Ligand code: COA
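Starting off, we have a lone chain in the form predicted alone, written out as structure tokens.
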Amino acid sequence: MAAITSRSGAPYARIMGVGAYRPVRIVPNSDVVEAIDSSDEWIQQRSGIKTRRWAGPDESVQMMSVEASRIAIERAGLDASQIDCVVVATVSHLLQTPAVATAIAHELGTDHAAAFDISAACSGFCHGIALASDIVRAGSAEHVLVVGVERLTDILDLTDRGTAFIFADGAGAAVVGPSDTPGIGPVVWGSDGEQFDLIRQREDWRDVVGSPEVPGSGVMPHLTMQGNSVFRWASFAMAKIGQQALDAAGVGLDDLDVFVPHQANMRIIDAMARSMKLPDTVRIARDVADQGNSSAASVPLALDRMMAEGDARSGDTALLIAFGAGLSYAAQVVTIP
């Protein structure tokens, strides 16, 4: 029997550069309250959101991803041809196949990079970082581009009081590459499928496309969410996951500089910080107030803003954590590039 040759990559992996794209259109609460019979005060009390970014006709999933990726690649000091693999986390690329990652890789000018999409909803970017780290350390690729992107307004019911004011659009990207020292800690991830229905696409595609004789005769499926149940689950269960990620990386609370949770809701962010007993010295991402909840894009968008505003500095130790539909979750400690 023939022996199979194995290979190994870098001893460690790190994030080399981060980039972001935010849609041009800024939508204040006043633009959404009438359709959901609500008020600016109610929205801010419930979520902390003041404005959100909604994509225009020309701001597609691919376009936003490419713009964010170009920035990340430039900040990493690389050329696009050096990207060996592209991982795109999204639930709002509306073609079942092919993966949008392949089109993004081509438009960027990569040299036949491996490219695939992953569907882990709001936790997708953290899943992608975990995969990229393992890929680099295994030697399957030297530089991996991870994109979190959503155009959720395509699947948003603007009359749904539970979701219309929350979700938003945008893209964030990070380049993961080799390192001589640990730059990405072990991932702590999992799922709670017993609560599969708390955040979901409301209609099955088979229920909206009509009969085989009249394809396309239905309506677009929309997102739905049981907000109170998600709040109770995320506020406390995710604090435990965050602590597990710190423990796995050998990082104590006093060593943590930055906390970048999924930007789901300001109340959830605050509850997680209290449950984890984060010191006052830890700087916390609160991008949701101006961006809204952009699902898989929320963590890289929040991280990019913190870096741009000086709240996350090169060499800082950061905890990333995200959770969403499924219910799926993932967390890891990283070094800010």
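Throughout, we count residues from 1 along the sequence that is shown. Source: prediction; values computed, not measured.
This protein has a second form, the form predicted together with this ligand, left out of what is shown; the following refers to that one.
Asker: Please pick out the stretch from 136 to 144, 261 to 269, 67 to 75, 171 to 179 that is in contact with this ligand in the predicted complex, where contact means heavy atoms within 4.5 Å.
Answerer: Stretch 261 to 269 is the one.
Asker: Whether P186 contacts this ligand in the predicted complex should be assessed with a 4.5 Å heavy atom distance threshold; does it?
Answerer: Residue-level check for P186: no, no contact with this ligand.
Asker: Although this ligand is absent from this view, report whether L156 comes within 4.5 Å of it in the predicted complex, heavy atoms only.
Answerer: Contact check for L156: no, nothing within 4.5 Å of this ligand in the predicted complex.
Asker: Considering only heavy atoms, tell me if D37 and this ligand come within 4.5 Å of each other in the predicted complex.
Answerer: Flag for D37 set to yes.
Asker: Using heavy atoms and a 4.5 Å limit, would one call P98 a contact residue for this ligand in the predicted complex?
Answerer: No - in the predicted complex, heavy atoms of P98 and this ligand never come within 4.5 Å of each other.
Asker: Any chance A20, R25 and W54 all have a heavy atom within 4.5 Å of this ligand in the predicted complex?
Answerer: Looking in the predicted complex, the three residues A20, R25 and W54 all stay beyond 4.5 Å of this ligand (heavy atoms).
Asker: Which of V87, A113, I166, A120 has a heavy atom within 4.5 Å of this ligand in the predicted complex?
Answerer: Exactly one residue meets the criterion: I166.
Asker: Between the options G162, G250, G190, G109, which residue brings a heavy atom to within 4.5 Å of this ligand in the predicted complex?
Answerer: It is G162.
Asker: What residues of 303 to 337, in sequence order, lie within 4.5 Å of this ligand in the predicted complex by heavy atom?
Answerer: Contacting residues: F323, G324.
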